[in-house]
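What follows is a single chain, given as structure tokens, in the form predicted on its own.
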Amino acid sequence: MKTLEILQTPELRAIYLDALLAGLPVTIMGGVLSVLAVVKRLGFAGQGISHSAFGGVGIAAMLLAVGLLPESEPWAAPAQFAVIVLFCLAASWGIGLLSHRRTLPVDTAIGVFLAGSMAGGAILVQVAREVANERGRVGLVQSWESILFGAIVGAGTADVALAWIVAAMVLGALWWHRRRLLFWAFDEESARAFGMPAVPVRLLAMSVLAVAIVTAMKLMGVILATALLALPGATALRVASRMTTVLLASTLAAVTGLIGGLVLSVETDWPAGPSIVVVLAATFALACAVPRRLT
């Protein structure tokens, strides 16, 4: 087996160990958030927020072209990533406010931000390249693929640290506000009737979703980020009903997808991200095929 060969080769083992260490916090975070996203029907929000990041890329490119962001490492990549995260947070708040006020259905609000951000980002990146070239800084503005999308197998020490820090922040926020979030997720109307402010809770939920999605997208790619928001929670809700069991099952499904996908990628030479999605989808299909057994 190729997996055993890699485990016996120090150089290759280090590569996949970094991938596993970076993927574990992201999948644990995704497993927990996936339950909230599925219950509140926010799965499509993953697409909206992840594609809204193109607008953040455009703004970061413009700031870089005019000299307002650092050009040299180690600060260049973190600075651009921070701009993208802030933009996605703003987009998630816009989606949350529009859908809360019933100005637009939530899927329409997501579509508005998705399309607008992608178009705006494409234009800004092109303009930023022209500005940089005029200033004699040819090649300064990278393609948005190199800024936005990552491959989990290429994760390094900085990526591992970023993943664990973000996961700790997101999971800490979810634990601290768990009662409000659960009440809002399962019965928003009753939560309002009991005097719980729905807008701050909705914005909190959209914020943690945005941070988690952008981090997952940065490390693993947009397809896997979206899958992590939908498939683990859907799998868990097929096999369990109690919230504690659902959260554990969702996290287990996400981690299983990560490990199984990495092994599948090694054995078949498929890309790691799509391989993880294939395992997550297969796990969901298996959960649909068997009767519910957990409580």
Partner chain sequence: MTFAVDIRGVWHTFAGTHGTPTLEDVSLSVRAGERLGILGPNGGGKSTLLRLVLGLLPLQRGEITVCGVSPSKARRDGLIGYVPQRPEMEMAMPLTAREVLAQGVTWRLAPWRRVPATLAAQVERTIDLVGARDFADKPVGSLSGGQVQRVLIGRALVGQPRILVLDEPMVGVDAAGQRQFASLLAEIHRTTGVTMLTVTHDLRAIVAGSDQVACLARRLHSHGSPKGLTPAVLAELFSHDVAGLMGELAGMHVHAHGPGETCPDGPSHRREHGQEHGQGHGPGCSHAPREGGGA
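Quantities reported herein were computed from a predicted structural model and do not represent experimental measurements. Positions refer to the first chain, counted from 1.
There is another form of this protein, the form predicted together with its partner chain, and it is not shown here; the text below is about that form.
The contact with its partner chain in the model of the complex, taken as any heavy atom within 4.5 Å, belongs to Phe183 out of Phe81, Trp93, Phe183, Trp164. In summary, among the residues Leu63, Val263, Leu252, Val39, the only one with a non-hydrogen atom within 4.5 Å of its partner chain in the model of the complex is Val39.
Comparing 212-220, 187-195, 119-127, 71-79 against its partner chain in the model of the complex, the single stretch with non-hydrogen atoms within 4.5 angstroms of it is 187-195.
Not displayed here, its partner chain is approached by Val246 to within 4.5 Å at the level of heavy atoms in the model of the complex.
Among residues of the shown chain, Arg135 is not one whose heavy atoms approach its partner chain to within 4.5 Å in the model of the complex. At a distance threshold of 4.5 angstroms between non-hydrogen atoms, Val239 is out of contact with its partner chain in the model of the complex.
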